[in-house]
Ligand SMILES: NC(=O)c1ccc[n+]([C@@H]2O[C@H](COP(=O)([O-])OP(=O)(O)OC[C@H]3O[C@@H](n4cnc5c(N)ncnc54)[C@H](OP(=O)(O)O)[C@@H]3O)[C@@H](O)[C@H]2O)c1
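Quick setup: one chain, the form predicted on its own, written in C-alpha cells, and binding and motion questions come after.
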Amino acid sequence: MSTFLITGASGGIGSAVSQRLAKSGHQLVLAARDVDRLTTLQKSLPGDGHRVIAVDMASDQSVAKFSERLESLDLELDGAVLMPPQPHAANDPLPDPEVWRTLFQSSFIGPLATLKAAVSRMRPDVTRGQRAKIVIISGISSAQVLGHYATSNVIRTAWLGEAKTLAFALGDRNIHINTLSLGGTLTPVYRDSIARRAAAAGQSFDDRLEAETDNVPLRKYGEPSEVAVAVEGLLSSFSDHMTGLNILHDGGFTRAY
C-alpha cells in the first residue's frame, strides 16, 4: 500500500482520482479548501486511514498551516497529485499587474509551496523498490497557445518549466515528476458550461458537444475516470524511467511534434 497526497481532491477530477486510488488499496491524504466536501469524499472512499487536511493555495497562511498539519501526521508520502487552481478563460494579454500577482499566488506560488511540503515527506529507497512519484495536472494551453486563455498560457507553461527543473533537482533522490496536460474533460463544472453554451445557441447538449469536439481526432472530450487511469499509471512502476515529461491527455487535439 502506498500513501499519496491529492490536492483539489473534492473537485470532479480530484474525486475520480481519489476513488480510483483508494479502490486500488492506497491510503490518501485529501486536501482542498472545503473541509465538509473533503469529509464527504473521505467517507465515500473504500479502505481506511484516509486523512483530510484543509488548504487554500491562494493563501500563504493556509499553506503554512497545511504544512504543519502534514508534518504532524508523521506520514511518509509515496507521491502526490497536484492540481493547481487553473485561471479562467481571459482574452486580455496585458492585464494589470495586480491580476498577475493574484493569479501567480493562487495558481503557482501557493501550489508550489504546497508541493514543497509534500516533497519533505517523501523518502524513497530504491534498494527497497521504492520511488516517489509526483503528477501535476494542468491543461493543454501548457502545450500550445490558446487565443482565449491569455493568462493561462503563461501560468500553465510555468509549470512545465518547474517540472523540468524539479526533475533534475529531485532525480537523485528517486523522486519523479511529470505533468499531465488535459484537453476538454467532462467534469460537472465543464458539463454545466457546455449546457450554457448549448442553451445560448439553441442547441441540445449532445449537438453542442458534437460540434465542440469536431476538431478532436477522437471526437470526444475526456472523462474524469479516464484522467484517473492516466494518473494511476504515472504513479505506478510504469513511470520508473520517466521524469520531466509532459503527457497530453486531449484526444489528439494538440497537433505538434
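From 1 onward, residues are counted along the sequence shown. Small disclaimer: the values here were computed from a predicted structure and weren't measured.
Another form, the form predicted in complex with the named molecule, is not on view; read the next lines as being about it.
Looking at 67-75, 163-171, 95-103, 135-143, the stretch with residues near the named molecule in the predicted bound form, meaning non-hydrogen atoms within 4.5 angstroms, turns out to be 135-143. Every residue of the trio Asp34, Ala58 and Thr185 has some heavy atom no more than 4.5 Å from the named molecule in the predicted bound form. The named molecule in the predicted bound form comes within 4.5 Å of no heavy atom belonging to Thr151.
For Asn178, no non-hydrogen atom is located within 4.5 Å of the named molecule in the predicted bound form, even though that partner is not displayed. Taking the partner from elsewhere, Ala9 is found to have a heavy atom lying within 4.5 Å of the named molecule in the predicted bound form. When contacts are judged by a 4.5 Å heavy atom cut-off, Ala211 does not count as touching the named molecule in the predicted bound form.
For the residues Met83, Ala80, Ala117, Met122, the 4.5 Å heavy atom test against the named molecule in the predicted bound form is passed only by Met83.
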